[in-house]
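What follows is one chain in structure tokens, specifically the form predicted on its own.
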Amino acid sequence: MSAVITGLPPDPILERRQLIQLRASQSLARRTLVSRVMTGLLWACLLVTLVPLGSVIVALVGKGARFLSWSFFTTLPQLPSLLSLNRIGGIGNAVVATLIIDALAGLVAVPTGVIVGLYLAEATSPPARFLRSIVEIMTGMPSILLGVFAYEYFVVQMKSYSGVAAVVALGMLMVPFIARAAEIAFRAVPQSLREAALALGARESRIARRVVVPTALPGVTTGVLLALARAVGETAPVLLVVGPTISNLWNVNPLRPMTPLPLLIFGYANSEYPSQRAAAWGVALTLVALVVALTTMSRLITGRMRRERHH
């Protein structure tokens, strides 16, 4: 029996395996060196990225934290005078204006973006492909163009600055981001769920409402909150349409000029009074904290919804 076995030709698979192991052992040192070099380059890129980010955060916290107080968030701005150059007041009306403008923009943009995303995910017709191209173009469009559009068709037509123009500009900014995120979330729903619903006799519209939307809800929620965070921190379109000057009055009517946080930062940063230029750091820190809170909230809500779904 042993003679028969020894007389067999060599196993080609075994020889190929030995050849691969030999080649791998010969190139192990080179591959290890390349891996370490690339890892070092990645760490260097991370550090280079963190340096400006850390500098901005340190400057914001170091120069703006001393302004943060309850009265700073709840009182009105006070215009400095020759008798009191250090008078600043608070940013209560700016916080309220920011929340009103972004909430109204979200009420318009969220349902529109979700419906557009659902249509793009479910339809394959030429109109759907054309609409997808429009959404992709608007995603990369400079936000200042949306501000120019809102200025031309709302501020000029109404002959007055208003919060409504800012709502339109920010709503147009949010719709493509929400639609793109919603489309990705809807496309990630397993096809087997749709097929199971079809096998039970459900209509396409009912499957979209009862199966696709609930399953994709975590991804859609993340896209919505990230779009809101983008809108809260947006400056260029807001400066064009909300009003030319800083107001020190309470105003909750979006049909009139308003003073959101970006306009207040811009006005304080260009002020002739050192106290207002210093207070611009406090307003900027408040705006950044609001954006970070929305971003963090999106992660927490999405994580909790996914955990509940898995359980």
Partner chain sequence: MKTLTPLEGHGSSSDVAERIRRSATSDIPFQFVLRATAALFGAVVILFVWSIVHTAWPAVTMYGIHLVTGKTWIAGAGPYGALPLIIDTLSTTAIALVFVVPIGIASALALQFQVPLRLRGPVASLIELLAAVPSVVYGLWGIAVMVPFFINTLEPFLNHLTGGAWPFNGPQQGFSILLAGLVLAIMVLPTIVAVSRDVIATVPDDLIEGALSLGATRGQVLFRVILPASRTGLLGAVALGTGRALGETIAVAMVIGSNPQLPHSLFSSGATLASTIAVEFGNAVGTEGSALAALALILMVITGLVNAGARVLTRRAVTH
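Numbering follows the first chain given and starts at 1. The term rigid core refers to the maximal set of C-alpha atoms that superpose within 1.5 Å between the two forms. Predicted, not measured: the structure shown is a model, and the values here were computed from it.
One more form of this protein should be noted, the form predicted in complex with the partner chain, which is absent from this view; the next part is about it.
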Exercise for review: Sort through 216-224, 184-192, 93-101, 67-75 and report the only stretch with a non-hydrogen atom within 4.5 Å of the partner chain in the predicted bound form.
Suggested key: 184-192
Review point. Within a 4.5 Å heavy atom cut-off, is residue 208 in contact with the partner chain in the predicted bound form?
Key: yes
Exercise for review: With heavy atoms only and a cut-off of 4.5 Å, decide whether residue 236 touches the partner chain in the predicted bound form.
Suggested key: yes
Review point. Would residue 175 count as a contact of the partner chain in the predicted bound form, using a 4.5 angstroms cut-off between non-hydrogen atoms?
Key: yes
Check your understanding: Is there a heavy atom of residue 61 lying 4.5 Å or less from a heavy atom of the partner chain in the predicted bound form?
Key -> no
Check your understanding: Can you tell me which residues in 27-53 come within 4.5 angstroms of the partner chain in the predicted bound form, by heavy atoms?
Key -> 31, 32, 35, 38, 39, 42, 43, 45, 46, 48, 49, 50, 52, 53
Point to revise | Residue shift check between the shown form and the other one, rigid core fit, residue 41 Cα at least 2 Å | key: yes
Exercise for review: Examine residue 270 after superposing the rigid core and state whether its CA is displaced by 2 Å or more between the shown form and the other one.
Suggested key: no
Exercise for review: Answer yes if the Cα of residue 32 shifts by 2 angstroms or more between the shown form and the other one on a rigid-core superposition, and no otherwise.
Suggested key: yes
